[in-house]
Ligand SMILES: Nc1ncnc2c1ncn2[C@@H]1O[C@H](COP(=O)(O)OP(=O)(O)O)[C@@H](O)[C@H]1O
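One chain comes next, on its own, written out as structure tokens in the form predicted on its own.
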Amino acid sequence: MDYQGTLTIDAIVQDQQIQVSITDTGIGISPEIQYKIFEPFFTTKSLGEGSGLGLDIAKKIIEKHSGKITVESQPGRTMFHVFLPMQSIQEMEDV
């Protein structure tokens, strides 16, 4: 967002899942590259400014917890949705 704009985080419980949505008012992610953003080492930043591993690592952590991450983007608005299954304390103790 280049140190400006608005970042909004929402969380809801739906269908035995928690959905966390992160929305920003940055420039957006063009449709031509949206399918690549979760690939390791993919970055749109200049050399030395990023490794291209952030979204790849985030996706792997979310999937390790049986969840998923999706993205919707258009100019001026990008939303990432993280879906994680709800577990009771008992279910967590059984693991």
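What you are looking at is a predicted structure, and each value in this text was computed from that prediction instead of being measured. Sequential numbering from 1, following the sequence displayed.
Same protein, other form: the form predicted together with the ligand, not shown, and the subject of what follows.
- Within 4.5 Å of the ligand in the model of the complex, a heavy atom is found for none of S21, T70 and G76.
- By the criterion of a heavy atom within 4.5 Å, S66 is excluded from the residues contacting the ligand in the model of the complex.
- Although the partner is absent here, K45 is a contact residue: one of its heavy atoms lies within 4.5 angstroms of the ligand in the model of the complex.
- Although the partner is absent here, I33 is a contact residue: one of its heavy atoms lies within 4.5 angstroms of the ligand in the model of the complex.
- Using a 4.5 angstroms limit between non-hydrogen atoms, L53 touches the ligand in the model of the complex.
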